[in-house]
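In structure tokens, one chain follows: the form predicted alone.
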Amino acid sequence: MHGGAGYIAAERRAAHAEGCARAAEVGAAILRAGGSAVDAVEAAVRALEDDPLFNAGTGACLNEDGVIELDAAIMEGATLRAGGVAAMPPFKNPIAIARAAMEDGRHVLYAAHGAARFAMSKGFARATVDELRTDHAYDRWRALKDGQATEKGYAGGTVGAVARDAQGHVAAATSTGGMMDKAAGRVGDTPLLGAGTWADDDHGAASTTGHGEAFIRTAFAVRVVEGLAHATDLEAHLAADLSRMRARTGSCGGVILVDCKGSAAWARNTETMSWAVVRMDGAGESRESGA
């Protein structure tokens, strides 16, 4: 799991790490019961969409008009099926709508009012901005509008999950409200396959967080996953790719990854990134989290 790279205030970091740990356990419970990687990542991301600490679902950032527009994607590595929504009006769990798009199979990506129309056709109820907006998100947006803050590209809160199941399949899911005070209609890397979300059983799965435009411009997620074919140290591989992205674009972020053998790794070149991992092997289970 990741809960976003960027800057998280010191007094909020422990809560972010704990939120990631709870969500990772939601996904791990599905895997422990023999469930699929795609079910696990969807459930884990839904848990963080419901947690108002994070910039996804409840607690999402507000755009320049004070409106919530949501991005999400999910992908499974066996057949490369995927679904996504972009610049979607408020719905409680955008990752579930992305999953519905994947299962429906007609299209991969729905945007804006078309995404809302698709969601309602599948039985999802629209939410209001007031239902998803938190005081924390509003106060940050208001501070920007009043000229009391300059951190327009704050990215600490996008959520994502990657997993490998007992059948050897991998999956990735990512969900976000995007950048605070973003332009109306802006779409980041999260719902774009190969940029912010990617899964392929041949190599692994990745979910990114940070300055979305840079991840789009470098096709980061697919490049970092395919690069596993030649990587010997997973964390060094991720760190090197983040460094290359920064050198080419001047932007920062973070990434989580699981390879086709089930090894997990993460890296960031931002001040903070909340994360959690649950590992299961012949020796038992282990858990870690941090921010």
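These numbers were taken from a predicted model, which means no experiment stands behind them. The first residue of the shown sequence is 1; numbering continues from there.
A second form of this protein, the form predicted together with aspartic acid (ASP), is not displayed here; the remarks below concern that form.
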| query | finding |
| --- | --- |
| Candidate spot 42, 48 and 93, all three touching aspartic acid (ASP) in the predicted bound form (heavy atom, 4.5 Å) | no |
| Partner contact for residue 84 in the predicted bound form: aspartic acid (ASP), 4.5 angstroms, heavy atom | no |
| Aspartic acid (ASP) contact at residue 115 in the predicted bound form, heavy atom, 4.5 Å | no |
| Interface membership of residue 207, aspartic acid (ASP) in the predicted bound form, 4.5 Å heavy atom rule | no |
| Residue 99 within 4.5 Å of aspartic acid (ASP) in the predicted bound form, heavy atoms | no |
| Contact stretch among 161 to 169, 106 to 114, 121 to 129, 186 to 194 - heavy atom within 4.5 Å of aspartic acid (ASP) in the predicted bound form | 186 to 194 |
| In the predicted bound form, residues of 2 to 29 near aspartic acid (ASP) [heavy atom within 4.5 Å] | 5 |
